[in-house]
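Given next, in structure tokens, is a single chain: the form predicted alone.
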């Protein structure tokens, strides 16, 4: 019996408090705060280095080997600026260099020397030089009770002033980001290199093995990597692309360990996670789980079915749409797993228990009660009112962005806005950039395929949402076409100059005034304008005020949580800034009678192998290497490791992040999460949240044994076994 130990009510409070403490594996931590917040815990988990080895502004540290590469993460792995990232992060660039004659998606690409490396206009690599807390300077003249709009205006002015006056080198930039919902602000000094060249990529049958079926799944057998190189001016500083540029010499590059990992080993992932929402109210989780995710899933499912059918039938369309399809499918499947995880782990109830303890503490403290007493009630009411408008927003954004005729119209409309606002000279200057963007766009566009997508999604727009959010003009257009979506699409696409590159490019040969008139009178442009106008009037006009209210309440809720739960270590939500997450190598049990090991091997690739299949075909050379057991120094006991999983808390943007061992050596490359744990963006659960990493030994095995790219292997620095 418990009466001699503790009262039942007291026990309940203790159990609640235990659940409030962040799990050891949970968190996306700011590197400059590791020494004060995390170092002891990291060492308990097995880390052998110090926090100063991870982040240091006075000498080279691990942070100096990490870059933001076009929205993903990459790491420097040689003293010649060689970058390692995911295949899916480099996929768009690989696709851009591909053709039917040189199909690098299908066949892979390996530069044998510097001169064969391929340039990538627009791709950048950004290093973080220093991180500073500038909260006081940002909020110094904020007045309590001002509107969200006025508050943001003051914050923006303060940020602009700091950026203008902050001491830095001419080639450096200043970025200031809010943290903890705007309760803290940090400044980042950055250096961005703009000459990034493609060095190597395996064929997609290795780099994207398993494609849609295996995406977000474990066990995984994907060699998801690609290689780029940073080029700099002769002074080693950032410089525009030039044939005179030289490979960048880094402050730090990562050493490669061939030791591998075993269950329970410490691992650390260092990168730029995109966006998480760990501190939401239960009403927000309900909205995501029951309303928003299901709607977006349904829209993308329609689009994916159409694209997949066309890509399987036409190799040219497969090349054109491979990157776009992967982007659409990635979020689609993630949201499905997210919903299942939120339901399966009953996250709404978990949040409500947390909120009940929050409210109990608030009520027990007069000062807190006066300040935060009604906060939870106000948040729930705000999200409830917001439900239908948030759904209309996501419906509009998903549908408009998937119809590429609208994308072309939007790009060309930039010329209209430039001409009408800034005149003919500005138009002529802007035309050069728009022409380049349009040429690139039409290289990956198929009219008949886009027309099919239009038919399916416009039907969803008109039939599957509340009528008050639907454009009456579009409803009238459908009636004029006998409620037939094929006729509606034909009426638009047969007359729109945006429907094919030849007619669209005629715009650039017209005098500015005629070009502007042609764009404005185009039926595709007029339809998009009408959709935008209707959305602005029925949704945006209300949603803007709602979001301001929610932002203000959420900022207060974040501040209140940090006050009310002093025993809890809070990490800021991800916002594409440099973070460290750490955990251990471990398997998991997602459901009854199913238990997953933490490693996969090349054996599994051959077990999944289906000759000629879109997802599971395997290059003959890889099969030959497997049969001969020709794994070199990268194999273990006659087997070739491929992937492993750990409890590191990751999200989008962590793709390409290095997986580091206890000594800070590279042991893997982060590329995915397990499907059952994709809810970790909203609620991390140590039982099912796992990140997926390709073993660095598989990466180097493919470079060395499969590609025979000895020039690349010779750049790598391997460390001896501990």
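Residue numbers count along the first chain shown, from 1. Everything quoted here is computed from the prediction, not taken from an experiment.
Absent from the display: the form predicted in complex with ligand ARG. The rest refers to it.
(message) Going by heavy atom distances of 4.5 angstroms or less, which of 676, 661, 695, 672 would be at the interface with ligand ARG in the predicted complex?
(response) Flagged contact: 672.
(request) Could you check which residue among 407, 552, 330, 559 gets a heavy atom within 4.5 Å of ligand ARG in the predicted complex? (result) Selected residue: 330.
(request) With ligand ARG left out here, work out from 204 to 212, 103 to 111, 234 to 242, 592 to 600 which stretch has heavy atoms within 4.5 Å of it in the predicted complex. (result) Of the stretches listed, the one contacting the partner is 204 to 212.
(message) Against ligand ARG in the predicted complex, would residue 579 count as a contact residue? Criterion: heavy atoms within 4.5 Å.
(response) Judged by the heavy-atom cut-off of 4.5 Å, residue 579 is well away from ligand ARG in the predicted complex.
(message) Please determine whether residue 326 contacts ligand ARG in the predicted complex, using a 4.5 Å cut-off between heavy atoms.
(response) Residue 326: contacts ligand ARG in the predicted complex.
(message) in the predicted complex, is there a heavy atom of ligand ARG that lies within 4.5 Å of any heavy atom of residue 216, even though the partner is absent here?
(response) Yes, residue 216 is a contact residue.
(request) For the stretch 80 to 111, return the residues whose heavy atoms include at least one within 4.5 Å of ligand ARG in the predicted complex, in the order they occur. (result) If the 4.5 Å heavy-atom criterion is applied to ligand ARG in the predicted complex, 80 to 111 yields only 88.
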